[in-house]
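As structure tokens, one chain now follows by itself in the form predicted on its own.
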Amino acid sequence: MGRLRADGIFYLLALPFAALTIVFGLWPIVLSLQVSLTASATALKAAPVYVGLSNYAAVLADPVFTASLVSTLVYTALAVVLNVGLALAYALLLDSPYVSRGRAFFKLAVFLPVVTPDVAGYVVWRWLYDQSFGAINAALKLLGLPLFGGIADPGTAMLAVLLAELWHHAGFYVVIFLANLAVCEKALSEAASIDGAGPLQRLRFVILPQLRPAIAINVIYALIQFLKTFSVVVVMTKGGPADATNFVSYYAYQLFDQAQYGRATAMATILFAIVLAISLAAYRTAERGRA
């Protein structure tokens, strides 16, 4: 009887969240799939005209979409490696005896950008990159170094966006790593040190194996985050220059803004499928590594 009562309380508490997930999560996905199968001119009408998979065929035959997808995948790979790698290094440094004072300050400094509103942060970064009065080029000029093209140069625009997102997101991954480091078995590292293992050996064979769950979580979250990169592009580059930062999510938004609802939702559905497939592949790889 007590078990049934406990189960009833659990389902009673979970029901509101399940309802919210269905209404604001699953139902919009179903509607998006429906719109992707309709003619754009009738997509939002009571009786839409269904055109099958023609919107998907048009998207896959679009060379701009192909270039956008390649840019998205390249950007995601760079962003995941850079964000997770630097976050891991920063967390290990904070957890080491080399940082004995000011640890709370450094934790706050790296996490503060995470809670900074996206738009406000990226507007500041856009000012920093400005070719006329930006602080970055002003400092480089003062030091006699070559100027940085920033978001005005197709060759550096992706890097400029990547640095802005690194500033905004890396602190989240640092917190995950620090939480995992707090429960790591310190005795194993001490024993390895007594046995003559150097710092790199302890890192590779003792610390990193214990951090596998945190690494897996951060990599999967980062993959989802950067495959859907959108707000930084809207604020800083508008997909330019020369489509250098025209990622899939922003390209779909442009089509939707042009009332091409069928193609836009078809493109969003393709991106959703890619995000889901890559995330599941990363999860299964992590599970096999833990086994």
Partner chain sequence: MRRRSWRQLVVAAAALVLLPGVALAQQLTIWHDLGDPGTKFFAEAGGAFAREHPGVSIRAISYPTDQWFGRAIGALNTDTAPDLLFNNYERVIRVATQTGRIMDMAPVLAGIADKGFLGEDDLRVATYDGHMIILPVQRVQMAFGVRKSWLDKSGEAFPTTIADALRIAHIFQDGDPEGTGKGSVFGFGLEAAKPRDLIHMLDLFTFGAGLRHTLVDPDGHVVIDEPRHAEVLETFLKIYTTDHVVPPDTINYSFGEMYQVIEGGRVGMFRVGDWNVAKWTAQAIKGDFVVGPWPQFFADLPGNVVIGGMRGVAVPQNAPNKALAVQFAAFLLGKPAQQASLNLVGSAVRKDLDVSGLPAQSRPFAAPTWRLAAYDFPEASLVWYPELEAAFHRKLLGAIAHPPADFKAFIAETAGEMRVMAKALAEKKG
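Treat the numbers as computed from the prediction; the structure is a model and nothing was measured. Numbering follows the first chain given and starts at 1.
One more form of this protein exists, namely the form predicted together with the partner chain; it is left out here, but the text below deals with it.
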{"query": "The partner chain contact in the model of the complex: Ala152, any heavy atom under 4.5 Å", "finding": "yes"}
{"query": "Contact label in the model of the complex: Phe256 to the partner chain, heavy atom within 4.5 Å", "finding": "yes"}
{"query": "Contact test in the model of the complex: Tyr129 vs the partner chain, heavy atoms, 4.5 Å", "finding": "yes"}
{"query": "Proximity of Tyr98 to the partner chain in the model of the complex, heavy atoms at 4.5 Å", "finding": "no"}
{"query": "Contact residue in the model of the complex, chosen from Ile29, Val70, Val49, Leu44 - any heavy atom within 4.5 Å of the partner chain", "finding": "Leu44"}
{"query": "The partner chain: the contacting residue among Ala264, Leu223, Met236, Val248 in the model of the complex [heavy atom, 4.5 Å]", "finding": "Met236"}
